[in-house]
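First, one chain by itself in structure tokens, the form predicted on its own.
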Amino acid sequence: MDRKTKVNRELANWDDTVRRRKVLLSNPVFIKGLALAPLSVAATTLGNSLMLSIAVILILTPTRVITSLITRRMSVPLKTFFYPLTSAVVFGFAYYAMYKVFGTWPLNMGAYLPILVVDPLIVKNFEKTRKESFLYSIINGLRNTAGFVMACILLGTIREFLAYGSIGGLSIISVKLLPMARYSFGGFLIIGVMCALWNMYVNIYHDKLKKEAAGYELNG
């Protein structure tokens, strides 16, 4: 496929393009604003971000797959109950596995690790009336998981560097550039800035495709 055909196809099917490139063009954190509470409070360091990421990896896709298979004939009110119930059961197994591997480290997250059970990142899909196939539930679950993990690790790395001058516990600079980055209000502020920049990137990319397609039209 040549560049012209690819650009025109992406523009003509923009919604599908966004869906396929969910990690960048429809990031669940920076574009959709999901899981902001756990991230703003708990993702203060790279280590904590890895804990949150592992929890989401173990919860999100399994919950989505299980519910896609069982809730096909359920009404939305019943799904509202079943989704967090399924998520809670999956989280129980995930938390036990994390405890066995990492010891008490997951406890450092406080309530913001188990709060993922009812976060829209995990349970938002219950409101959809469209039936989701088994394969699509896996693909979309993995896309959302990848988008969250990227955003979480990026945010935790930036906050740790700004608040402590380190990355992954390794000291980089002796100056604490933004001490408030360790606190929840600092986390919300940084997330807000990153969301704005991310949306700007998506708009610039979309405009670039439009200009490129217009150039192909002018040149025949």
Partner chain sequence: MNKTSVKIREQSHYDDMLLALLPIILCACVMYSARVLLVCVVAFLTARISDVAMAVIRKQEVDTSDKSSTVAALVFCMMLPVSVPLYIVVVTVAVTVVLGKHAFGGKDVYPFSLAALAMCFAAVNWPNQALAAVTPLTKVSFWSGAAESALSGASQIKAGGLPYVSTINLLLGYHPGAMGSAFILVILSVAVFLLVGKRITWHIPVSFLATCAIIAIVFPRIYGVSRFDSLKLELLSSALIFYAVFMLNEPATTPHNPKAKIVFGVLSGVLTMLFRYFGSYEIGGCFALLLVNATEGFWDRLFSAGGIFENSRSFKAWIAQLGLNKKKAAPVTAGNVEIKKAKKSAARKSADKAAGSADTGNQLLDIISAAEDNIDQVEFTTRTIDVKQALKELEEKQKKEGR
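Here the structure is a predicted model, which is why all the values come from computation and not from measurement. Numbering follows the first chain given and starts at 1.
Form predicted in complex with its partner chain: not shown, discussed below.
With the partner omitted here, the residue from 65, 167, 57, 189 that has a non-hydrogen atom within 4.5 angstroms of its partner chain in the model of the complex is 189.
Note that among 49-57, 152-160, 180-188, 66-74, the stretch whose heavy atoms approach its partner chain to within 4.5 Å in the model of the complex is 180-188. When its partner chain is considered in the model of the complex, residue 193 lines it closely, a heavy atom lying within 4.5 Å.
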